[in-house]
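What follows is one chain in structure tokens, specifically the form predicted on its own.
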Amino acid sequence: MFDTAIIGAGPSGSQCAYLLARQGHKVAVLEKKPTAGTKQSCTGIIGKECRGLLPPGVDGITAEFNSASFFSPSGIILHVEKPTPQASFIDRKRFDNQMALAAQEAGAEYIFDAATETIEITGRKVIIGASKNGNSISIEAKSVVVASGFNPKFTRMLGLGQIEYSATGWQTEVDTNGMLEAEVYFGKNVAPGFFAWLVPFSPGRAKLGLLSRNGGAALLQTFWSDMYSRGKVTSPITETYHGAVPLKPLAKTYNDRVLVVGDAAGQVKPTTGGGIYYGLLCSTIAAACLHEAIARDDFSSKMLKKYQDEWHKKLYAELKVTYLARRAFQKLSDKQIDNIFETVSSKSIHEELLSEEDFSFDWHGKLILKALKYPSLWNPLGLLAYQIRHFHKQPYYSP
């Protein structure tokens, strides 16, 4: 019997597997795909703090960024730049495979082409039923970690409900005309309530994509057409990828013998939809909690609640502020967004925020709260400013 079975070989699942296996625990990882690194809808941008969590030898980095440009609906440009790189682009296929290899070298057993179908919690163990190459297999473990990405099937199966709020990321790869920095675009004709991006990842190549709740395929085509007409993109769309992105965490991410991590738990930045860093952070906490549970042979809900308590200490306030910002931002008109850009640009607010010693690519809540200290932003921000300044009074886990 395994100490822990992990469903999903993405970064969160492999991080948890690596940390548990290197401490001598018996770990199995079930992955429905033939290999790790198949998620093509993820842009793959991580910050400096995220790199510090990676196992030795893991990076997958193909480009680094110290600047970016943001475009308002009417074309107002905000350029942000720091002297040193603040973010890196990773090749997700290489990165995920490096993470899986690190876990395997530490002693974790990976079972690929194994699609989990059932998870049964009994008095003394977890029984996982999966299909592998057309055959049914059964895995027994003392505990299970759900790291399957955004898949409500498993959390509903385990009595943990489902994530209430999500969007869909749409993306393709294109040739570009010598781009050197990431570009982000706003507006109802581009990505209503969200944003679109053009991110170079190697010389002459970039990821073109957007977040949307509806009509993403058509919006992606329209965005590509705009970038092509401007000469920024020089090749047609040949293949597109899309995937659901949770923008709010589960209310409960633990149960008897169960923990949920990463996208499956909704541990994702509501501002950008990025989940790699928070997933790694929370899977590290999950591994520490399970290490203690294995040592005590106590996999009760009371014991595993420590996992949620710990990740809430680190992320709850951050996720709450940025979630409220996300929901409020969706209500802004193009004119209001333009007004925000004009105010930030005319007052050089973005430059002041960038100069803060604790500026971080990964912690947007701090940046948002600091921006709201500027009275000149209160009027153009409107509802957004009000809701975030009073975030502690707002419900979070209700729909």
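Heads up: residue numbers just count along the shown sequence, starting at 1. The model shown is predicted, which means the values in this text are computed figures rather than measured ones.
Form predicted together with a small molecule: not shown, discussed below.
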Original post:
Taking Ala147, Gly262 and Gly275 together, does each of them reach the small molecule in the model of the complex with some heavy atom inside 4.5 Å?
Top reply: yes
**OP:** Using a 4.5 Å heavy atom cut-off, indicate which stretch of 316-324, 243-251, 77-85, 218-226 touches the small molecule in the model of the complex.
**Re:** 243-251
**OP:** With the small molecule left out of view, choose which of Lys26, Lys366, Arg51, Lys33 has a non-hydrogen atom within 4.5 angstroms of it in the model of the complex.
**Re:** Lys33
Original post:
Pick from Tyr185, Tyr307, Tyr110, Trp170: which has a non-hydrogen atom within 4.5 Å of the small molecule in the model of the complex?
Top reply: Trp170
Original post:
Contact between Thr116 and the small molecule in the model of the complex at 4.5 Å, heavy atoms?
Top reply: yes
**OP:** Evaluate Arg92 for contact with the small molecule in the model of the complex, applying a 4.5 angstroms cut-off between non-hydrogen atoms, and reply yes or no.
**Re:** yes
Original post:
Heavy atoms within 4.5 Å of the small molecule in the model of the complex: does Ile340 have any?
Top reply: no
**OP:** Please check if Leu20 has a heavy atom lying within 4.5 Å of any heavy atom of the small molecule in the model of the complex.
**Re:** no
